[in-house]
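Alright, two takes on the same chain below, each alone as structure tokens: structure 1 and structure 2.
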Structure 1
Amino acid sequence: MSYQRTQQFSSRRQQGWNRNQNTTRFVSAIKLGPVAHTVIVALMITVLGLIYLTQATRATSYDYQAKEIDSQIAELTTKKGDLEVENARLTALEAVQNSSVAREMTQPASTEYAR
């Protein structure tokens, strides 16, 4: 018995892809009908909606935090303004003239000028 050599050699493994491709097929035993599809789509929409709502609520919670901080800033600004007004009142000419330091001051007897 003799064997004739072919021009090209292909191993079985190389040939197997093409040769056995339709030999088996997976078929699921579970079949989804139109109701199941509808439910799944509804669930997906619900989940996405919940995610959106979570994010929107989180953004809104930041708004309340921002509002709180704004209120604090406004209050501190008001306090700062009050202190500035008080400072201006305390350093006003009348307040200075009536201070104990001013009352202790005397008129200079004479003035010398550096030339």
Structure 2
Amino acid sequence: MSYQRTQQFSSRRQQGWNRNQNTTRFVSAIKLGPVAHTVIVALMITVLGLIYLTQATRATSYDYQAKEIDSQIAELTTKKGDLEVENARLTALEAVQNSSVAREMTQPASTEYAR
């Protein structure tokens, strides 16, 4: 069994078409003038500008959220420091009350206040 090339294939090959190259062209049925082209280009630029603006404002809103979170972090860090100091103070009082010196102390018989 032998294979033969068709006339169509060989003629396309001889016309200079390369492999994986389209052999047909799209021809639009609608013809646009210079004004229509200008309007279409202006609309495309407007749409791209609106997309850019939405992206820029979205980034700005993220900036505000980041500042708010940073202020919350600073506030919580301050509270944490205050709680650490309070914990140290209360722990120190508990250690003093449970010390051997405090256990050996006695209640005074009478207390008098100066006037």
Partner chain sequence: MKLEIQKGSRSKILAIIVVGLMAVFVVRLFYLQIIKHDEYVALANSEQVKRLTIPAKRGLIYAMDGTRPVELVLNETVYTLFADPKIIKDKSKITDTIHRIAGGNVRPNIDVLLDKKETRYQILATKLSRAQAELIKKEKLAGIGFQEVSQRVYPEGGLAAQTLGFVNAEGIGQYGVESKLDARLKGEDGMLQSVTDVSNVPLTIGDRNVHDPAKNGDNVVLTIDRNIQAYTEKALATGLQQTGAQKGSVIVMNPENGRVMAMANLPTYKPAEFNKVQDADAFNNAVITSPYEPGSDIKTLTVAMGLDKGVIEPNSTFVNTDSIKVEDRTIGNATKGQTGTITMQTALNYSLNTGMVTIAQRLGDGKSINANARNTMYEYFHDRFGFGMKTGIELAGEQPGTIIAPTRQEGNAVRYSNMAFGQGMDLTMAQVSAAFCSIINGGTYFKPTVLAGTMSVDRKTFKEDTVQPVRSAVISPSSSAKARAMVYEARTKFYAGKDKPGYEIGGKTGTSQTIVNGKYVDNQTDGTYLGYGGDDRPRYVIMVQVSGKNMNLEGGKHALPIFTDISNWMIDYLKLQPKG
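Since the structure is predicted, the reported quantities are computational estimates derived from the model, not experimental observations. Just so we're on the same page, residue numbers count up from 1 along structure 1's sequence. The term rigid core refers to the most C-alpha atoms you can superpose between the two forms while keeping them within 1.5 Å.
Chemist: Pick one: is 1 or 2 the form predicted alone?
Modeler: That would be structure 2.
Chemist: Keeping the rigid core fixed, what distance in angstrom separates the two C-alpha positions of T106 between structures 1 and 2?
Modeler: Once the two forms are fitted on their core, the shift reads 7.9 Å.
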